[in-house]
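Heads up, the chain below is alone and in the form predicted on its own; it's given as structure tokens.
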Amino acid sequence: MREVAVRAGVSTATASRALSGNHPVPAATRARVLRAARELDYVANAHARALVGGGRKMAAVVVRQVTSPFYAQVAEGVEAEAADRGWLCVVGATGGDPQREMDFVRLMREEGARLVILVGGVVEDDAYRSRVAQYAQALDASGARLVLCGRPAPDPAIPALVVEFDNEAGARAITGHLLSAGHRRIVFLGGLPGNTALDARVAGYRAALAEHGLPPEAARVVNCGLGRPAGLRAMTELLKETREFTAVFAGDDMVAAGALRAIAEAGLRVPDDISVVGYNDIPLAEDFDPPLTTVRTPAEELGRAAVRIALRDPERGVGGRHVLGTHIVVRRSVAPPMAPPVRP
């Protein structure tokens, strides 16, 4: 507050009144103080607020979209664990916009949230690394904690806790399931280069192919991103281009939903003509036609663990990494590949 007052050229008391908004301050003076606060990245001290008014036991969970079944399950886990402890939970959606993410984190600092949980894979570029380091340090300085849920920390030295599941192992296992059924021409549908979660799934897919003695060129990755519309478009185009594959590994269950629709519209059947597997085991996966074989990721437990582990040892500086396991759920979307017709 003193630094803000010095930069704005006012007394500390005037700076406090201007920032609180509860006292009459000339408009020009308030503008100078607010500008100085922005330049210094000032937020109210959460500990001081707690001493005055009791503070808030609040966790904030930031997701890409609330309509995604996976993100919704993680957020539900955060909310449930917070409620069990008498905490409040706030959910924010960014639509993948880094500026919205920054604005939400700043708002949570100002509101005195003690946990800020960022959920889901990201493209880990220099801008992301810089942004997350800034979040972690700013939250730590205000007595709060950053939790990266389902994504790695860009630097293990920053004060952020990582809670994730083993994407690569899950992908290796589900690809192995297809290989064990006899498939050798398997397409990965849903790549997004640079995205931490999908890159790990692609790595697991490639590793499984190699473990079964297939050459690197046997791997085919279609970089269409996630979501049902992406899966529908990419699968439609792939079927127009070639039928030289017998199985599809979808990057998530919503991509698989789009792929199933495209296969049906092409007059083909799953799993008779093409086998399909997904990732995440969203609640609707068992209601797909046919029910989807997929990798179960502990989405709700991921959210619960993010709160539970962060509160178990809140005073640690560097947060550490905690990895949850995955497993395959076998349903009816996989069958051995059809034998090619015998030519006379």
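Quick caveat, the model's predicted, so the values are computed rather than measured. The first residue of the shown sequence is 1; numbering continues from there.
There is another form of the same protein, the form predicted in complex with a further copy of the same chain; it is not shown, and what comes next is about it.
- In the model of the complex, a further copy of the same chain stays beyond 4.5 Å of every heavy atom belonging to residue 159.
- By the criterion of a heavy atom within 4.5 Å, residue 79 is counted among the residues contacting a further copy of the same chain in the model of the complex.
- When contacts are judged by a 4.5 Å heavy atom cut-off, residue 65 counts as touching a further copy of the same chain in the model of the complex.
- Contact check for residue 28: every heavy atom lies farther than 4.5 Å from a further copy of the same chain in the model of the complex.
- Every residue of the trio 72, 93 and 107 has some heavy atom no more than 4.5 Å from a further copy of the same chain in the model of the complex.
- Site annotation in the model of the complex: the residue of 166, 140, 124, 111 reaching within 4.5 Å of a further copy of the same chain with a heavy atom is 111.
- This chain appears without its partner; in the model of the complex, the one residue of 153, 89, 178, 234 with a heavy atom within 4.5 Å of a further copy of the same chain is 89.
- Heavy atoms within 4.5 Å of a further copy of the same chain in the model of the complex map, among the stretches 28-36, 289-297, 304-312, 273-281, onto 289-297 alone.
- Residues of 238-267 placing a heavy atom within 4.5 Å of a further copy of the same chain in the model of the complex, in sequence order: 254, 257, 261.
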